[in-house]
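Just the one chain here, laid out as structure tokens, in the form predicted alone.
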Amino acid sequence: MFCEKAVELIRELHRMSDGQLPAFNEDGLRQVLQEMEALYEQNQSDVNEAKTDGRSDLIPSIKLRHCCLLRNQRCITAYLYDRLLRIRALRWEYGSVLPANVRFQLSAEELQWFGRYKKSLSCFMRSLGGAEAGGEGLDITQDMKPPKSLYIQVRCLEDHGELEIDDGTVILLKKNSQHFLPRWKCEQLIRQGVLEHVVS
């Protein structure tokens, strides 16, 4: 049946919960494009036959195939656009470095798009907050929710190395060590799974 493979691409995305990204379905996309090519060629053949032989009985099947082409096109566009929205949200959630299990789900083109989006967002953030005058800019990806306190207690879940805070203090993040740190310095590390917020 026409358009089943395209609708399955959309269903695949809807089965995933918000924020999750299924692996890029290159095979499914290729099958939809092949179906579209076959529909287009059948239509071209029937249109030529209808014109030359005056066969008006072919017009309903031409219209049906054309509607199927449009539906496949809409489904592919929705699939790719939804994936880009999810990839954009990953930049805000994980920061500029994606975990390996997330990177594995992306196609090469999606990884390129993520890199360009990351650079664009970085340039924008550097332009904010007086970066031209030697400042660092403003990281708008921090504090996605308003903080209740500026400092939080965190536990390190893995050996991460050194972390320098604003006053120049260098803290060694070793597995199972606990620290009282500024929230904005920890937020991305918490999202990446390096630190865990200890609720007292």
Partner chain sequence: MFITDIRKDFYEVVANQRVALLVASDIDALCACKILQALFHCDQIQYTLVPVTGWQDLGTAFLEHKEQFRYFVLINCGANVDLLEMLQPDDDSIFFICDTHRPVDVVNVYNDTQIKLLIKQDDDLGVPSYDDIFRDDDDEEGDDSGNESDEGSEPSGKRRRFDEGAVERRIERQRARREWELFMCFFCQAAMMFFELAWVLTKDTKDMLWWAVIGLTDQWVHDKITHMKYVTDIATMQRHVSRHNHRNEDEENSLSIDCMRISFEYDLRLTLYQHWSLYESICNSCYTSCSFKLWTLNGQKKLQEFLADMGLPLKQVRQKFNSMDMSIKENLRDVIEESSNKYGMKDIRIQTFGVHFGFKNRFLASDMVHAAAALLESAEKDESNSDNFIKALDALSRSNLERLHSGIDLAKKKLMAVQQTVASCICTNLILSQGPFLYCYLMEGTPDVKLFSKPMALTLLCKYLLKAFVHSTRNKRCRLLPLIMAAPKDVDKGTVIVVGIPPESETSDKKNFFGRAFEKAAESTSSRTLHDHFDTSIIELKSEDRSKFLDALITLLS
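Each form is matched to the other, and the largest set of C-alpha atoms that superpose within 1.5 Å is called the rigid core. Remember, predicted model here, so these are calculated numbers, not experimental data. Positions refer to the first chain, counted from 1.
Below: the form predicted in complex with the partner chain, not depicted.
- Residues with any non-hydrogen atom within 4.5 angstroms of the partner chain in the predicted complex fall in just one of 33-41, 164-172, 47-55, 60-68: 164-172.
- Using a 4.5 angstroms threshold between heavy atoms, residue 22 stays clear of the partner chain in the predicted complex.
- Using a 4.5 angstroms limit between non-hydrogen atoms, residue 191 is distant from the partner chain in the predicted complex.
- In the predicted complex, at least one heavy atom of residue 150 sits within 4.5 Å of a heavy atom of the partner chain.
- Taking the partner from the other structure, the partner chain in the predicted complex has a heavy atom within 4.5 Å of a heavy atom of residue 181.
- Using a 4.5 Å cut-off on any heavy atom, none of the residues of 69-91 reaches the partner chain in the predicted complex.
- When two forms of a protein are overlaid on their rigid core, residues whose CA moves 2 Å or more are considered shifted, and residue 13 is not one of them between this form and the one not shown.
- After superposition on the rigid core, the Cα atom of residue 155 is displaced by 2 Å or more between this form and the one not shown.
- When two forms of a protein are overlaid on their rigid core, residues whose CA moves 2 Å or more are considered shifted, and residue 62 is not one of them between this form and the one not shown.
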